[in-house]
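Read the single chain below, which is given as structure tokens and is the form predicted alone.
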Amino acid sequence: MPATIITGLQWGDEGKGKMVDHLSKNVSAVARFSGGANAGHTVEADGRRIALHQLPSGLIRPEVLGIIGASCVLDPVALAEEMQVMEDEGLSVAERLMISGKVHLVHPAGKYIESSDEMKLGNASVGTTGRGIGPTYVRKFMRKGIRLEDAAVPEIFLKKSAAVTDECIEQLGLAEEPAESLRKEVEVFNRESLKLVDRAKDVSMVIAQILASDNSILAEGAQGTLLDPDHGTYPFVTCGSCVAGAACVSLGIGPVMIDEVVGIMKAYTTRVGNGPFPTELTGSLGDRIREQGNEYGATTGRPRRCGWFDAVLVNYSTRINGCTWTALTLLDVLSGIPELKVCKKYELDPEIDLTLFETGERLGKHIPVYETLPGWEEDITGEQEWDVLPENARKYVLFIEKLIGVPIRAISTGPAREDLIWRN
């Protein structure tokens, strides 16, 4: 049975966690294929609101296996804390979690280096989460990284960890006190890494066995397409690939095993950190959307920048990912706004299908051209029937669907698992 990939179509925070949780009721396993502790997926189910960072969202369901793929970067200390939170919620995950032995570990030194780099950049900083993700990927591609499989040979692992620590202290010129703090953090890192060895698996083989048994998996992405280092708004991007194609690389499966690619998008647009944002709202309306949508980072708590729906960028993202269908989330947040705007093209680039679509410096200079649609006053929170939605809400969804050229099959109307409309 083929696999389904879930990916974000904007700058992340599109509501992927909720959709994965909802769809995971029909699968055997959910596999995270990108990101690290910088990601945040919030799931609300059975009266509980749980923020996940590295664990696959499907683990909220007791019968589902969780898999972490090779292209992720793993913070063992943060993972231990996250697993404890799940245990406290009555959800035992230790025996249901499998981690690729090839996954690279986030050494505490990476956080020190990332913090130093961001401070040096000042106003030009990327706006990272400070979780040490960037330096971990740097070491990976310099062929100096530490992988989980290294912990299977403790003496080699500890030697590698000590070398990274010493290198960081020398590189940053750390004084005695911060150097000692780093060493204490490394001791915890070493201990938790060694504990995880029992969870290390050949995830490619595990997934192949699941699919051969006529069962199915969900491949869960982190962040969003516009944060992809190749296809996003470079350099204001993350370091791990966020697009659907990365799932095959991370999980060790061939593209012929993929049945569907589901793109998740908000009914408006948000982003965290710096970088271009053509449809950003900086006034009271942006503040209203932020408050109504609770647009604060699940990982950092930072307020998200908010703006109108950008159909140009989402059309681009659906093409990059090869989406078979999409889900539109947080439609309820727009209730009560008299007029809604949708960016249908850019003044500098009037066609959506461009020979050259730029996402770098020039994107920030594009002037969005909007279509204004009437809003709706009715509170649609928790609505589950398409025909019961206000007419203007349905027209808004259909207008977006026409612009992006991919069917919108699901519409989220609230944070709870059951707050969802399915369209045939």
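Note that residue numbering follows the sequence shown and begins at 1. Every value quoted in this text rests on a predicted model; they were computed, and no experiment measured them.
Form predicted in complex with a small molecule: not shown, discussed below.
In the predicted complex, which of 387-395, 41-49, 359-367, 60-68 comes within 4.5 Å of the small molecule (heavy atoms)? Comparing against the small molecule in the predicted complex, the contact stretch is 41-49.
Heavy atom within 4.5 Å of the small molecule in the predicted complex: which of Ser241, Thr318, Thr165, Thr329 fits that? Just give me the one. Residue within 4.5 Å of the partner: Thr329.
From the list Lys111, His231, Lys160, Arg304, which entry has a heavy atom within 4.5 Å of the small molecule in the predicted complex? Checking each option against the small molecule in the predicted complex, the one that comes within 4.5 Å is Arg304.
Looking in the predicted complex, any heavy atom of Val333 within 4.5 Å of the small molecule? Val333: contacts the small molecule in the predicted complex.
In the predicted complex, does Thr413 come within 4.5 Å of the small molecule, counting heavy atoms only? Judged by the heavy-atom cut-off of 4.5 Å, Thr413 is in contact with the small molecule in the predicted complex.
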